[in-house]
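The chain that follows stands alone, in the form predicted alone, written as structure tokens.
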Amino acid sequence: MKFSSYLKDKAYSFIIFIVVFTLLILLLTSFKTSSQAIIAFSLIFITFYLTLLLIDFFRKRNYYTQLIQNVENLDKSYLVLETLNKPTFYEGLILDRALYQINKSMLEQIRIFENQVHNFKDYIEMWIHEIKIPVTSLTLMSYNHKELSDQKTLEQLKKIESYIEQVLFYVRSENAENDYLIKPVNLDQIIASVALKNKNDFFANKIEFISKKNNVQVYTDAKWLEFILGQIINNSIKYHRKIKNSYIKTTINVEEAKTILTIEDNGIGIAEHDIPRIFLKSFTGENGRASSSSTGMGLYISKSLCDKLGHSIYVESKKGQYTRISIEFSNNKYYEVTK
């Protein structure tokens, strides 16, 4: 709060002071008051006015300066009232009361919104679980009565199931910490489970899946990791090249501080300018634009879940040659100590 700005705000008060002061001097002069008395009166009057201005300025400056600084420094600015002392001037009390009412109203609206979002998410999760029942039934019927269905029907059913699963994980990803359970997980078992779910796609697209047993354990959530690997492998299948030796390969590299799981394919690769944006929400890039079935959500959700779990994920790729997606797991013993 600048004193110059404060004086500009007090312009009307200053003008009234000048007018009243001038009238009083004229009145004293008309009564033939001595010059010394007029000078003394003037000094007392001016000093009294300036003292009032300065007291008022410093009281307000301290409050408003603290208000502005706290608003700028707080991540959640709406909590600023909790950091301020009660003002000692009337205007400040009015402002404090108004801010309190505004803050109270905003928090009530946030609670209403959170309840609406929570109810919507509950409904979506319920709907997903309900719709998975007929999809699973149709899949079983297709396998048990192959004379009534063909491979294309199974492929479409698998796509429906995959998109349903993606919606479920996306809905849960914002509050993943309430759903996941960190514990030692065998990577071979997760990889085998994902490979089994995609075996028909490997066969249909003539893709060799290569994975060596390593018997390595990492701290993660099995369900979330299986989903992440599923999204990565689905992308590798979707963007494979129709060549003789098409493959998807997993490798595990154990270092002192971390374990790195890499999923590599010799598919169509990713354009260099697309790699920095590959984990952005709804980003499809050159490859996605060429495929009408691409949503750009799989890797975005995978990155979000890795962040929640404390894992790093990154991509290396060369257009027309290969793509490698690596996930890093920390080897620290934090979870053993705190579980």
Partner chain sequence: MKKILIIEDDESICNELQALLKGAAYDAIILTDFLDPLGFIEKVNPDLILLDINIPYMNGEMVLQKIRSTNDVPIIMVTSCNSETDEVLSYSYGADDYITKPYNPHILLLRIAAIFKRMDHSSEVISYKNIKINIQKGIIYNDQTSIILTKNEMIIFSYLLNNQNRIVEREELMTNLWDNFEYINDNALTVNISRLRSKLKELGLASSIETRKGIGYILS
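Residue numbers count along the first chain shown, from 1. Just so it is clear, the model here is predicted, and its values are computed rather than measured.
There is also a form predicted in complex with its partner chain; it is not shown, and the following applies to it.
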| item | value |
| --- | --- |
| Residues Phe21, Leu54 and Leu95 all lining its partner chain in the model of the complex, heavy atom within 4.5 Å | no |
| Tyr163 within 4.5 Å of its partner chain in the model of the complex, heavy atoms | no |
| 4.5 Å heavy atom contact, Phe209 to its partner chain in the model of the complex | yes |
| Any non-hydrogen atom of Gln189 within 4.5 angstroms of its partner chain in the model of the complex | yes |
| Contact flag, Thr136 vs its partner chain in the model of the complex, heavy atom cut 4.5 Å | yes |
| Stretch in contact in the model of the complex with its partner chain, which is absent here, among 163-171, 82-90, 263-271, 108-116 (heavy atoms within 4.5 Å) | 163-171 |
| Heavy atom within 4.5 Å of its partner chain in the model of the complex - the one residue of Thr251, Asn200, Thr153, Ser77 that qualifies | Asn200 |
| Heavy atom within 4.5 Å of its partner chain in the model of the complex - the one residue of Lys223, Lys121, Arg241, Lys104 that qualifies | Lys223 |
